[in-house]
Ligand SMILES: Cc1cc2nc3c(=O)[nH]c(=O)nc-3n(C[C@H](O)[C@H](O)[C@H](O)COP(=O)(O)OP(=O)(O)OC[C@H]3O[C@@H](n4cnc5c(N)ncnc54)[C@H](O)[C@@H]3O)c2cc1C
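One chain comes next, on its own, written out as structure tokens in the form predicted alone.
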Amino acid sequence: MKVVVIGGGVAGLAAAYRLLQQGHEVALFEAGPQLGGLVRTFEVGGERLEAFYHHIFTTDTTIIGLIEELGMGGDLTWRDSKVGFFHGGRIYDFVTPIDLLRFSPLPLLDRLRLGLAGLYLRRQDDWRRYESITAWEWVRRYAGQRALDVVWGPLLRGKFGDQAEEVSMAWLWSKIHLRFASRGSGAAQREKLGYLLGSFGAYIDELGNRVRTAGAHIETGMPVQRIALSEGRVSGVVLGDGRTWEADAVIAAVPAEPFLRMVPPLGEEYERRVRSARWQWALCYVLALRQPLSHVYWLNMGDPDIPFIATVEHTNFIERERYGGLNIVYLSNYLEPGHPYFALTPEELDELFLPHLTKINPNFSRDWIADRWVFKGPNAQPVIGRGYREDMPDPRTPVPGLYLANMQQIYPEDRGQNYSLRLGQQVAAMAMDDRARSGAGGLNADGEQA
């Protein structure tokens, strides 16, 4: 089988890798200048670092297994997480149940309700029961109005803006369930997070090298103009430079908007499902500081006047010595497409963001800044509303041989390398199974002659 994979992000690379392992012929086209998608990197102090902060959980078995398969398991390190919450001009540790009991912005009864609500969700395995209620409604009902006002309301508004009250409780269940599953037990339980030393870009490089070595044709900087059909099924793609590339199957590992621009008519209902996803874009303002900003790795902002939703101080997770002794801090935002922040210059973002860092650390000075970078990521966070599953497009499109694989399909999760890898592998298996069932020859998902 000849397969074209459109998109060289995590899902596209995973699909290409598994197809090649089963003896299929693969061509991969990426519109951007490099492979990896949102797992792109830059250099700080001689070490690579992600443009958008990344870590994994102990439950992320797909990426853990792939890293080990690629022979890189020795570089995967697990560390205790340091999480905090900024409220009323003060940093509160927010790691263990004991920290929650000390969280004085909430009365004791509300702290207990908030903790019990989290414990209850940790023990619930069926996320489907939460699809018809919003996170806003559930938190207010079970954790209380004060917990919503002080903790969850600011976090939801920071991430989803005007759509915060529409987000499904299935989304919040997945976040809480995942985080608790990565903790130990007991009153002092701590969350364990994983990081690939040298950056997650290292496994992307290795995956890309293995795909090339296995015989794949890879082109970056090459968009796909349209998907071609013959007798009602996929026959290949037309590239941005006008070339036609033949294929028996096409896997489009791209967001909804570019996908719809390149496909033939897919029918009103399927196209409605693809368009139904709403997205938040990512804005990361990254600082290399000569002094640490705080003692916390992940500091959530409970102050609505602060124009970013979290500070992620990477060097409170991974040693600063790996980055030339500099302290790496991400100021993170998820914003609707077209938000005014995306039009600001780095100098304008300096004036918007930097004055607020003295709230976190009164000693902060701009003299601490050794360097800074701004990264913008489109389609970084799907907005999961009530009944989301009913609108989710199937990876198998109405056109035989054409498949879609993007983050709007990893529900109830919403993003993450682990789930994108898993989706890419699943869609590759679908394509192989469909080919085998069609009797068209080639290898099936088990590597046997069809």
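Everything quoted here is computed from the prediction, not taken from an experiment. Residues carry their position along the shown sequence, with the first being 1.
Omitted here: the form predicted in complex with the named molecule. The next part is about that form.
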Partner-proximal stretch of 248-256, 335-343, 135-143, 357-365 relative to the named molecule in the predicted complex, 4.5 angstroms, heavy atom:
248-256
Would you please decide whether residue 56 lies within 4.5 angstroms of the named molecule in the predicted complex, comparing each non-hydrogen atom pair?
yes
Quick one: does residue 392 come within 4.5 Å of the named molecule in the predicted complex, counting heavy atoms only?
no
Please tell me whether any heavy atom belonging to residue 224 falls inside 4.5 Å of a heavy atom of the named molecule, as the geometry stands in the predicted complex.
yes
Against the named molecule in the predicted complex, would residue 29 count as a contact residue? Criterion: heavy atoms within 4.5 Å.
yes
The one residue among 402, 67, 384, 407 placing a heavy atom within 4.5 Å of the named molecule in the predicted complex is 407
Note that the named molecule is not shown here; using its position in the predicted complex, name the residues of 1-39 with a heavy atom within 4.5 Å of it, in sequence order.
6, 7, 8, 9, 10, 11, 12, 29, 30, 31, 32, 36, 37, 38, 39
